[in-house]
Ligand code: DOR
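Take a look at this single chain, the form predicted on its own, given in structure tokens.
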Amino acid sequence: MGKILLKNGEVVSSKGTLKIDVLIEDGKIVGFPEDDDEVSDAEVVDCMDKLILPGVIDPHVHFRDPGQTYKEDFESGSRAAVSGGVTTVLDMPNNDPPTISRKALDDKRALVSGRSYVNYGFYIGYDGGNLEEVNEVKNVAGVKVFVADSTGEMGVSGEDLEKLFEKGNKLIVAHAEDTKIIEENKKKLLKGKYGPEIHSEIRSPEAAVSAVKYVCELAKKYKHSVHIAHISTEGEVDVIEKYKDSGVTCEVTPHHLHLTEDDYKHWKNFIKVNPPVRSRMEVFSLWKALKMGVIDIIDTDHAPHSLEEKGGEYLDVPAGVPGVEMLLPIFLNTVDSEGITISELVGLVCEKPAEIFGIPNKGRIMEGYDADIVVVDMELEKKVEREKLFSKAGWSPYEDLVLKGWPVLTIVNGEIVFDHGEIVGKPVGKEVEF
């Protein structure tokens, strides 16, 4: 690895911005030279009028590897990630076969090694009967539990769920929806004619709030930290706020902040997700909670499906939307429209994810930290075009939007891997250590 000097840019943290040069060597941030004479043999990258951000950490992706690589694999998913300024991902376990044992995890590690453009980590899944495997497995971000069936049909509830909180030894990441309420809604609503918008009624706000309350109560009872995935309602926010002191954290996705039930008219089943998109009032409440600090992080729940799959009938269409390459562009555009500050954004997508999931040496631009960095041009305007996307899914719910503010350079482990629209490096991603 050679030296890289990022010159004339503004470095961003959650505390503010600072005009300072950044020197990278052997995969690390090694200093902030004030004089060119201090630096020799470095590749100089002029960042004049650009922002220098820590590489984004997306702790909620489904790269579909193994088992469903026609939707996505680690190579295509990680290429999409770096194109959007994401330098570390944590991959979910509802694969085919699911990652619910040490052997399955070791097989997945072997499969991914040498193929990822981003740094990566894994979760182990909990199916109600593998607690020993969950507790003994090493170097995972946490244990994922579905408190309702979603993609992969790994739903767990009742005594099996409580056992995980009582006897588990890892951070629990919960997909929280109430199966009983969902099934009751299906019986009432799946009659006669209906469109894709019925999904938001079947997996109702009440189903989300009920499950989140149950999970938070378990966290408090057993003093066990839990991270609530993809909240989508004001009711969930109200519950979580009461349990913050019990080790409860939460996330929100771009699609729950930018899409509403009105978008079914255009996108139909393409925006079928679990939990569903909500009303405009719910979206407003999520933005309010984000600004107030109740919501800890933004990540994508990147869940790609093929165009063919998404074009089917409602009951047959799988839930999920792609998002990893659009995370930063969507919110840089929000910075431009003054919905959020750039420092707040860095806290939400870089610093706080590293803290919650215990990822050392990432999420900040500091001496000794890993050189995972994204350079951003806040004046660059581009339309989101299907043919220019890197994900195998080949579509995006943000197509045809003109966004202002885009990543132009992504560095992973001290290597430039994305440069002004092109993948230019090799798969240099490594498994992170927790």
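Note that this is a predicted model, so its numbers are computed, not measured. Start at 1 and count along the sequence shown; that's the residue number.
Same protein, other form: the form predicted together with this ligand, not shown, and the subject of what follows.
K.L.:
Based on heavy atom distances of 4.5 Å or less, which listed stretch (204 to 212, 73 to 81, 295 to 303, 157 to 165) is in contact with this ligand in the predicted complex?
P.N.:
Only one stretch qualifies here: 295 to 303.
K.L.:
Can you pick the one in 224, 352, 230, 362 that has a heavy atom within 4.5 Å of this ligand in the predicted complex?
P.N.:
Exactly one residue meets the criterion: 230.
K.L.:
Given that this ligand is left out here, which of 273, 216, 141, 172 has a heavy atom within 4.5 Å of it in the predicted complex?
P.N.:
Result of the distance check: 273.
K.L.:
Taking the shortest heavy atom distance, is residue 125 within 4.5 Å of this ligand in the predicted complex?
P.N.:
Heavy-atom contact with this ligand at 4.5 Å: absent for residue 125.
K.L.:
Indicate whether residue 285 is a 4.5 Å heavy atom neighbour of this ligand in the predicted complex.
P.N.:
Residue 285: no contact with this ligand in the predicted complex.
K.L.:
Report yes if any heavy atom of residue 320 sits within 4.5 Å of a heavy atom of this ligand in the predicted complex; otherwise report no.
P.N.:
Within the cut-off, so yes.
K.L.:
So in the predicted complex, does any heavy atom of residue 94 sit within 4.5 Å of this ligand?
P.N.:
The answer is yes: residue 94 has a heavy atom within 4.5 Å of this ligand.
K.L.:
Using a 4.5 Å cut-off on heavy atoms, what residues in 54 to 72 are near this ligand in the predicted complex?
P.N.:
Residues within 4.5 Å: 62, 64.
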